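Below you'll find only one chain, the form predicted alone, shown as structure tokens.
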Amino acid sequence: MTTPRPIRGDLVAAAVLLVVLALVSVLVGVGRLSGADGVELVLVSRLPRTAAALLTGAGLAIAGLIMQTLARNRFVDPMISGSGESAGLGILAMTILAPGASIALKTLAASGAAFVGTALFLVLARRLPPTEPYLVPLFAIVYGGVVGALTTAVAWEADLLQYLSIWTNGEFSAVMQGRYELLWVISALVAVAWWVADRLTILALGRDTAVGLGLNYTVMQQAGLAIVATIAGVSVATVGLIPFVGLVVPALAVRRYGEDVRAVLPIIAAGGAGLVLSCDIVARLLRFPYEVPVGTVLGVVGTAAFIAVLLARPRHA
């Protein structure tokens, strides 16, 4: 057995790295920052884009931590386990039923659909044999694929396939001042996750132990589901579906620092923010002056990291 690695020094290093990445993100882009238009370009485009990447990354990583706690499995990610796909289905349904609905109403529909989709996934995943933990990620991929296929079929019938691609390809190129502010909801949800962190740690011990320790298991589960679904809905409605952040960041952090949710929550939020922001910078530089969707970059990086998670030996047991 090994002991968890001390987290304070790594947290300071992560904070310094985030500041550096944020400065690079503000400086990287096609438009020049010199001249009178430079300040306006920073305020209208570069800073909102940087903030959107940080908020999305932190939120998806925390949503992944809570999702893994609810499922009691470190190989699930809200964006590939039905939550993100269900959020897309909710936005599509709102678009068909109420074409003139505001982005706030579409976000609400996305969060509601994500709540139902995530709850159904957890119910079905608990029917899998507990002695076969690797069946859960396989089932998650199949479940997310089924929901995604259903969404595509509905979009095809409604002649909205091109519209659907906006929500399924995560990217920040359209993020500007006035078009990303809903993402600040994520910061409030991260604060709520911090507030209930100790109860989430108890929740991860299982129903019998949690109830024995005095936890209202059902209420806590629904609260966790609501946080995951709202983060998924806000993220998909604003920047699209971004995979793997909620899988690899919490899984690697928990292996390195232990299972205490309150202790690992800050480093997981910083790790998710740094991962998404660094991939967004790479996405802007790969084919400069053109851009690659950050979801595509994270698909490649996340796949490699997922394999590393599967093969790595836990440092903490």
Partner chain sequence: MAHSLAPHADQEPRTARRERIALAALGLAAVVAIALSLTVGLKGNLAFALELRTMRLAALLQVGVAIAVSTVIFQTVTGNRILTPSLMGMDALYLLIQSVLVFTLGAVGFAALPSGLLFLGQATALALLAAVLFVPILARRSDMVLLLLAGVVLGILFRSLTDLVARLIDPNAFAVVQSATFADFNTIDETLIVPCVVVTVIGATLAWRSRHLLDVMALGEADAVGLGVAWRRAALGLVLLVGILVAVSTALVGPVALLGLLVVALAERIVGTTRHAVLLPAAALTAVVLLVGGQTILAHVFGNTLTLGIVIEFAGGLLFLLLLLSSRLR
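Given the structure is predicted, the values throughout are model-derived calculations rather than measurements. Residue numbers count along the first chain shown, from 1.
The form predicted together with its partner chain exists for this protein as well; it is not shown, and the discussion that follows is about that form.
- The stretch in contact with its partner chain in the predicted complex, judged by heavy atoms within 4.5 Å, is 121 to 129, chosen from 89 to 97, 121 to 129, 179 to 187, 104 to 112.
- Among the residues V211, L138, V192, A174, the one placing a heavy atom within 4.5 Å of its partner chain in the predicted complex is L138.
- Contact annotation: of the candidates L41, V292, V26, A51, the single residue with a non-hydrogen atom within 4.5 angstroms of its partner chain in the predicted complex is V292.
- With a 4.5 Å cutoff on heavy atoms, Q221 does not count as touching its partner chain in the predicted complex; it lies far away.
- Taking the partner from the other structure, its partner chain in the predicted complex has a heavy atom within 4.5 Å of a heavy atom of V300.
- In the predicted complex, W156 approaches its partner chain with a heavy atom inside 4.5 Å.
- Using a 4.5 Å cutoff between non-hydrogen atoms, R32 does not count as a contact of its partner chain in the predicted complex.
- Contact residues in stretch 161 to 176 (any heavy atom within 4.5 Å of its partner chain, taken in the predicted complex) are limited to N169.
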